[in-house]
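The chain below stands alone and is given as structure tokens, in the form predicted on its own.
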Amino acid sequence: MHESGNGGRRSETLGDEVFGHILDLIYNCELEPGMVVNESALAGRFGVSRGPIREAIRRLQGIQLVSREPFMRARVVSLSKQAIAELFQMREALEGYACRLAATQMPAADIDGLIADLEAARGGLLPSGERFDFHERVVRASGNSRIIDTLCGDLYHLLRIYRRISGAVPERHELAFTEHWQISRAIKARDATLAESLMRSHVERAGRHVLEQVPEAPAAGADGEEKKAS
């Protein structure tokens, strides 16, 4: 059912815009894991009332990027080291197999497009506003709907936060490109075993790097202080 009148469409557009803005803050780690999501500060920043902010926070809770304990403020989700390790173990298994499948059935033109976009992304040559996600492209190329739903559904947003942390250090960023290039060449060579092995090793190394960067998540409110967004 469609909203009637310009007001309804404007409200929906504003809500989507605010949701996108807050999502970008989380992806860019300006709103870091564990940080309080300050409704009034965000409303002032984006020049909107608190209503669209609250709706965006509810949507973020729905995709498990924000948590809210009873009588507590909403916070960006912060995983324990054990939970992060389990997340990357799941990625290693599923993305590794997705890569194996992609190597056997990804159309040659799509492989060439993947390699070209990888090179363009490295050189900052992608068209303005275009997003390139190597892992998502490989997963979708697997053709396995259950793997795609698991890794590209709501869990995708949580995965992206911790992948961003992994790639934040310049040295790791360059190494990730090299590993992506090697994986793409294995896919192009239709070497499914090598492609799976390279992807699993890539994800395993990324997971170890994240665990080195992320401190153990403290219990909510344990120190009596809240880290807030401004």
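Quick caveat, the model's predicted, so the values are computed rather than measured. Residues carry their position along the shown sequence, with the first being 1. Rigid core (definition): largest C-alpha set, two forms, superposition within 1.5 Å.
Below, we refer to the form predicted together with the DNA, which is not included among the displayed structures.
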Looking in the predicted complex, is the DNA within 4.5 Å of a heavy atom from each of Ser40, Arg54 and Phe71?
yes
Region of this chain that lies against the DNA in the predicted complex, out of 27 to 35, 44 to 52, 194 to 202, 180 to 188 [heavy atom, 4.5 Å]
44 to 52
Answer yes if any heavy atom of Gln213 is within 4.5 Å of a heavy atom of the DNA in the predicted complex; otherwise answer no.
no
The DNA contact at Leu23 in the predicted complex, heavy atom, 4.5 Å:
no
Does the DNA come within 4.5 Å of any heavy atom of His173 in the predicted complex?
no
Given a superposition on the rigid core, I'd like a yes or no on whether Met72 shifts its C-alpha by 2 Å or more between this form and the one not shown.
yes
Following rigid core alignment, is the displacement of the Asp191 C-alpha between this form and the one not shown equal to or greater than 2 angstroms?
no
With both forms fitted on the core, give yes or no for whether the Cα of Val203 moves by 2 angstroms or more between this form and the one not shown.
no
Quick one: Ala56 and Asp149 C-alpha atoms, closer or farther in the predicted complex compared with this form (3 angstroms or more)?
closer
If the CA atoms of Ala56 and Ile147 move by 3 Å or more in the predicted complex, do they move toward each other or away, so closer or farther than here?
closer
